[in-house]
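Just one chain is shown here, as structure tokens, and it is the form predicted alone.
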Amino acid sequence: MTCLHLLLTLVFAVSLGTPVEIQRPRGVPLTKKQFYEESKPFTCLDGSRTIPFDRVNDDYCDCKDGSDEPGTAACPNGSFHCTNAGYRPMFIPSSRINDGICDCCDTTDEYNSGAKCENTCKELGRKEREVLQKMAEITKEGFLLKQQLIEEAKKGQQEKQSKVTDMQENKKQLDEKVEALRTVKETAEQPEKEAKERHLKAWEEQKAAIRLEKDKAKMAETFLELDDNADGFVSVSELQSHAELDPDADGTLTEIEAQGLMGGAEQVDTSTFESVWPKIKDKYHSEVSREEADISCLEPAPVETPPDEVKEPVVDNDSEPYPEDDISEEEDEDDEDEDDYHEDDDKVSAQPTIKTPEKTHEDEEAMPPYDADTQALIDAAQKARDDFEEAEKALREMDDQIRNIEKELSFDFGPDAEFTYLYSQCYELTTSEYIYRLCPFNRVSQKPKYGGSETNLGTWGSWSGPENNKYLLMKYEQGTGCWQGPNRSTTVKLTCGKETVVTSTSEPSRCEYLMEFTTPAVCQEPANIDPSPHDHVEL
């Protein structure tokens, strides 16, 4: 039976019974009456000495432990017992006896001070009984809710365990499916790889042939450009006209240097020029390109009119701008005269047209589409990859589900799993400055009410209550570090309540937080309190 239940029983008994006072020295509790018998000498409770009984409460301290003066202020270490009939008995230090301040609700501590004290024990007892009765009702309702939580938790655990068993069985089948699809994928990828390699090789060969043809055409074009007199030969003097071919980069192509490029010959024909071409093709500048560049330099650059200076056409206010019916007489007669149609068509064709962009070097280097057979192999391999990846994804998701359920089942949710319902839930408390968030078995956080980043006040550590019930306190550790201080941590104190709610937060020590949390899961079975109106307590 808890202290609350004992206290409630006592209060009910006091309120309903008729107290009978048992004679004993002032300030002595009923539990110690046997040590204070007037017919015998008094032995100090610490056993230090024995004195005549008439020296008890004689306002002189004889015992070291102050036990001979329970009703006076003579001993500095003595204590006075307040009977407080109708309320809770209590002890006060002997120094408060007759000090003019009413400490005992029954006024017994001020018996000789002249202080005007009023006996408030009955009123205090009434108020406390109301509080205790309310607490008892909350405990009773909370305990009933707790029983429901236990029942639901056990049912949920059985379902989850059964689900894990089924999923593990399905996982074996999915493992086999993944391995089978892996084999299909690898089998389909091999011919795909070979077909792609053949296609790429053919394209590389085709590109090499195209580059070779272009190089030959460029060589023939260059030969014709160098052959100034069109005699079918390129001479040393004709080659010297291209200073960019100078091998020593001194700006002048000498006769000796030109002969060196031509293999020592004075002139070469088209067949011999094939051996000269590799030596000059990288430096050679086409005369046509140079002429085009010179012409472009001579042409004046077009003057662009700023957008804000473009003048709008003036429109006569008496007529509509750009009327469709008055564009031209020819357009009015389009449907009647076919010749006029062709005339208009010629006019349109004479207008500038948008040029189709020529193929760039990148376009020419782009690999052509795969042939039908190769594409079929690629499509088959891609389908095999898609099937494999889909099955592999399903396997990963199943592994995650099994892992999450097993993690949940591994938590200590109390003797009867009554705290299971708190898992994966979060509860908030908003204060004037912060929003506190408690996610049981996960973390505690704090966020400024009017914007700002969240601060971790600790992640789940363990139950840290007393030995007789460790489930009264939760410990959350290793939160965000304080400036030049330790990592933040939070202790969550659990109390019985019908609702699950965070009721308060505080910071008793720097970076160490305390959170009050009510939940039905900690409610204990209430005692059967049914005091009889005939019972009484002797005081």
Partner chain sequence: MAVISIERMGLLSVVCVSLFFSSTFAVDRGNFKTCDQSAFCKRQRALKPGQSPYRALLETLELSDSRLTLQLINDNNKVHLLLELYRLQGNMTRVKINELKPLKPRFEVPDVLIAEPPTEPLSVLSKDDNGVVLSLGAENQRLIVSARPFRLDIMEGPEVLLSLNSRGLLAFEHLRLHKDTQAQADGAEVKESVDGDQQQDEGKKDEDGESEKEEDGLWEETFKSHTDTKPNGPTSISLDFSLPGVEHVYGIPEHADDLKLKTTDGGDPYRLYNLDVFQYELYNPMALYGSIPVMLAHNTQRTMGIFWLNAAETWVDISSNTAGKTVFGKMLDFVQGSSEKPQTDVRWISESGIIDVFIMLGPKPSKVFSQYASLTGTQSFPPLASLGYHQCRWNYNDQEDVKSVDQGFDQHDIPYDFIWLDIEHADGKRYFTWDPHKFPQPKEMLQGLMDKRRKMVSIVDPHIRVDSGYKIHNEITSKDFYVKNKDGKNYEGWCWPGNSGYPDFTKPEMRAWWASMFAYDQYEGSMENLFTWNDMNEPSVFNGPEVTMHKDALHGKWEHRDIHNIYGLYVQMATAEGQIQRSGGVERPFVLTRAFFAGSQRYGAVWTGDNAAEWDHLKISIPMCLSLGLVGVSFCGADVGGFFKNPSTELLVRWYQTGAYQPFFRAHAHLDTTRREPWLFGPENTALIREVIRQRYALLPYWYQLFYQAHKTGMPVMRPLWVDYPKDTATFTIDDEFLIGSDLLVHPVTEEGSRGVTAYLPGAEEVWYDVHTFQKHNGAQNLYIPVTLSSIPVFQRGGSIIPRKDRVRRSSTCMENDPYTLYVALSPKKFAEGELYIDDGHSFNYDTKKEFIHRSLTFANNALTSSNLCPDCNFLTSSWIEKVLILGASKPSKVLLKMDGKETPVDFEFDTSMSVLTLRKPGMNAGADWTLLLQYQRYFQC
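Numbering follows the first chain given and starts at 1. Fair warning: this is a prediction, and the values are worked out from it, not measured in the lab. We call the rigid core whatever largest set of C-alpha positions still superposes within 1.5 Å between the two forms.
What follows is about the form predicted together with the partner chain, which we do not show.
The candidate stretches are 502-510, 26-34, 467-475, 39-47, and the one lying within 4.5 Å of the partner chain in the predicted bound form by heavy atoms is 502-510.
This chain appears without its partner; in the predicted bound form, the one residue of 84, 79, 222, 446 with a heavy atom within 4.5 Å of the partner chain is 446. Screening 171, 218, 96, 154 for any heavy atom within 4.5 Å of the partner chain in the predicted bound form leaves a single hit, 96.
In the predicted bound form, the partner chain sits within 4.5 Å of a heavy atom of residue 74. Proximity of residue 427 to the partner chain in the predicted bound form falls outside the 4.5 Å heavy atom cutoff. Contact check for residue 123: every heavy atom lies farther than 4.5 Å from the partner chain in the predicted bound form. In the predicted bound form, the partner chain sits within 4.5 Å of a heavy atom belonging to residue 58. Superposition on the rigid core between the shown form and the other one places the CA atom of residue 371 less than 2 Å from its counterpart. Superposition of the core reveals a Cα shift of less than 2 Å for residue 198 between the shown form and the other one. Comparing the forms between the shown form and the other one, the C-alpha position of residue 116 differs by 2 angstroms or more, with the core used for superposition.
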